[in-house]
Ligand code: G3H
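Consider the single chain below, provided in structure tokens and representing the form predicted on its own.
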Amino acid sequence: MTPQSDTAVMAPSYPWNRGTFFPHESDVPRKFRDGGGVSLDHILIRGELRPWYGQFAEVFSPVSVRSSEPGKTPRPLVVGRAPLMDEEAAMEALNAAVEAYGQGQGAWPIMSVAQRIEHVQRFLARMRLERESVVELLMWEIGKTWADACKEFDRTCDYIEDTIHELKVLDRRSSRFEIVGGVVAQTRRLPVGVALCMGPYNYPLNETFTTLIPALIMGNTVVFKPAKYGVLLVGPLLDAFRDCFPPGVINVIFGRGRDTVGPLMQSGKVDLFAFIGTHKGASALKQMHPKPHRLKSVLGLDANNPAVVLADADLDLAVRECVAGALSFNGQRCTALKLLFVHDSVAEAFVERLSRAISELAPGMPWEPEVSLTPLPEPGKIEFLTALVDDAKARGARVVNPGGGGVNGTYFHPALLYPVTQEMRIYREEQFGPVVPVVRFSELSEVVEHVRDSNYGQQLSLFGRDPEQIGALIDVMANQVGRINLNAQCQRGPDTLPFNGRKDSAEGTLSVSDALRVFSIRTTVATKASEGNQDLVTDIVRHRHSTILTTDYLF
């Protein structure tokens, strides 16, 4: 196999390298073209949408635009602006949540499960009305394709519905009394306190709401900080948040983390920390809390998920799954396949087929039909990926696919690197982008050693057909990662399955049912099974003297 990219990186025949790749400014929707885009100029605190009179940050799109002036390079497009809140404003939001919680006696935490569900259902109905606006902002702000943006929105709505269903199931189970060892007891799940919810830019709606909604529906009050990129999509939902929840139950902050999140953690008033991002960022924030033993955390962190293609694997299937696993949303997924281990006997054939499959992916703008590859939203990402590719090439790898590693502004064309070795940065660093490294192996012990030595343990994929070999690998890998995928790419869904990780990849477990448990704490009311005590409990329940100690449940 001969390297092709060194002589073809900037070949004019590539669709992504043409002068017409980015849209003309006249083709940009008027809302993004005139007046600087969408202005997110209100903040939500204490149930009030207040105008923000402080500083703003410009929001840039990964989509650049061409001008009418000949020879001028495409310019970055400003699609909006968002508030740059300071410590004082952030603390006001936190204090609003603390007051709304009221040490567990606020209107929201003492509200019945049925009533909280009604509030969330009203929010979901309002949210669905904003589908078009949210999907459009996902495309323009983070470069997600129209199809994927629609999928993210719809999946989030489904997640909320599933959460409501699971809470009803949990509530029915909790309505029962049990008698054990002469003790009568009832155990219910109650809120923890004030939650700080922060989501990632790659799934700024879905991943954020998988913590935000469970936190709310279990009776916690929330301070919500949107992702750094993907902030504008919150704008169409602010009215719904205000109208569907009691004042102070949800408060939204914007701005730099060092100006807002740091002071919140240092205050010690945050009881629950829901964060999806890097393990370094999570560790730094957790260490700011003055009472870390009182801070309950659920964290989705880094991952460097490997795929293992065995000698007897169905190569067509493996290639199909690896392309999707490595390059869906340009590889900007924590569940993406980041390192492909392929057995010596099939490595050349696998790489050749993988190169062809990558070449069949369509680059373009997010709204164009059938597009798979789009510009990248993260500043500095192009330089980072280029440095990874250059390092690998300097140490003996080739960029196999035509045009791989080529750049046009904010667009980086996927680079298939082969053969990758342990000396290369890409072997150990998570690229979180469209670089696909392939490692040859002859003995499975090489792969096992890598997985065991890795700092991360979210998922891995195994491709093969020998049940004895696959079974043995499952037993070896099961204590290293949170999920093993057989002949399939790594993924989060379906949302009813646990989503977690080992080592530096996660803390806590998320799924529809697990999330309800993560954002609550079991509280038991118990008494000795004497006649007097039984009469007392019966009277409390029968005359509804308590909203906690009750046998009411939801169908």
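Here the structure is a predicted model, which is why all the values come from computation and not from measurement. Residue indices: 1-based, along the sequence shown.
This next part talks about the form predicted in complex with this ligand, which is not shown.
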property	result
Residue contact check: residue 207 to this ligand in the predicted bound form, 4.5 Å heavy atom	yes
Any non-hydrogen atom of residue 203 within 4.5 angstroms of this ligand in the predicted bound form	yes
Residue 335 within 4.5 Å of this ligand in the predicted bound form, heavy atoms	yes
4.5 angstroms heavy atom contact with this ligand in the predicted bound form for residue 499	yes
The unique member of 493, 29, 51, 54 whose heavy atoms fall within 4.5 Å of this ligand in the predicted bound form	493
In the predicted bound form, the residue from 425, 122, 155, 279 that sits within 4.5 Å of this ligand by heavy atoms	155
Residue stretch of 518 to 526, 37 to 45, 485 to 493, 59 to 67 approaching this ligand in the predicted bound form, non-hydrogen atom distance within 4.5 Å	485 to 493
This ligand in the predicted bound form - contacting residues of 139 to 153, heavy atom within 4.5 Å	none
